[in-house]
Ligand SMILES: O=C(O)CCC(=O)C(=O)O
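Take a look at this single chain in structure tokens; it is the form predicted alone.
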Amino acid sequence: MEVASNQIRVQSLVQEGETVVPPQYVQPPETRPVHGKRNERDTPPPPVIDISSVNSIHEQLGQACREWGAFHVINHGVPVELLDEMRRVGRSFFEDCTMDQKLSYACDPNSPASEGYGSRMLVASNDTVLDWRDYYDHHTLPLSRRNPSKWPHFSTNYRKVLAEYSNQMSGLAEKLLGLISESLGLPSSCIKDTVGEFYQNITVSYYPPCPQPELTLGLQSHSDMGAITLLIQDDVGGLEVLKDGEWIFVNPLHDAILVILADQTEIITNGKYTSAPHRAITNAKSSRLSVATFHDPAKTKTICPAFEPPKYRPVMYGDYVSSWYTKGPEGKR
């Protein structure tokens, strides 16, 4: 099914009963997932950290940030009911709305990462292999960017849930950056002050069942551009994090939030802490939903290391973003 601007929504392919993945979604052999061979070296999953505990919290965070760049947090202060509501309204948009209703919120196909409903985020050319994913991207912070009229209103709760979720995630992101700063012996405000006011996007990703999951990726390998990403999954799972050259499956934890360090935090910490390459795999049986909340600097912000001697040169975040959009994710930068 072709839709606005000749873009094909992945969900429509599934609804039409496609049994063969179209060629534009087929990954080259070297990037295809290896199904059924997870954690061959018995590598443990990313750690789970109770951030309500004062005992050894900085030590645990430091180890997780050095070795993984990703970890689950529990007792994080965000109501679990809100996490459930965010998953519910997100899934409802994709599964309860007609295609015409969804297309009324279509993003601008000529503007990278524009707000709205789409399938080709950050695709630089028509030759790029596409992800087996549809998404809805929301611009939520700062408040000057927040325009609820661009958010779905088929449900009376959608906009209310999204606004509350945005506020809760922003507060948690600031708290986590404070703890991460302290774990390095820096003032708690150090990383947040360098990042400045959060530019927050919330992306709800919907991964329909795939007839040939061994050929596709729901989301290709990349590390996030900004400072810190907070992610929740449904119970299907499909997220993998790269550690020591091995893709590790991240089991969904219903009450937990996955923290993913992004590239600007690696720069600020002078490489002491690492951003986490990650990807999403597909499956043949079940649709999957995730909600990622990105916290980025303003594009006019210059990011530089907090330690001497610096391993990274100062970079204006807008220049970093432009390079990322132009070249595509291509793993970690």
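Throughout, we count residues from 1 along the sequence that is shown. Note that the structure is predicted; figures quoted are calculated from it, not measured.
The protein also exists as the form predicted together with the named molecule; that form is not presented, and the subsequent description refers to it.
- None of the heavy atoms of residue 131 is located within 4.5 Å of the named molecule in the predicted complex.
- Using a 4.5 Å cutoff between non-hydrogen atoms, residue 263 does not count as a contact of the named molecule in the predicted complex.
- With a 4.5 Å cutoff on heavy atoms, residue 78 does not count as touching the named molecule in the predicted complex; it lies far away.
- Contact annotation: residue 102 falls outside 4.5 Å of the named molecule in the predicted complex, judged by heavy atom distances.
- This chain lacks the partner; the member of 231, 162, 141, 107 within 4.5 angstroms of the named molecule in the predicted complex by a non-hydrogen atom is 231.
- The contact with the named molecule in the predicted complex, taken as any heavy atom within 4.5 Å, belongs to 219 out of 219, 248, 89, 256.
- Comment: 219-227 is the region of 81-89, 148-156, 219-227, 177-185 lying near the named molecule in the predicted complex, near meaning a non-hydrogen atom within 4.5 Å.
- Taking the named molecule as positioned in the predicted complex, none of the residues of 72-92 brings a heavy atom within 4.5 Å of it.
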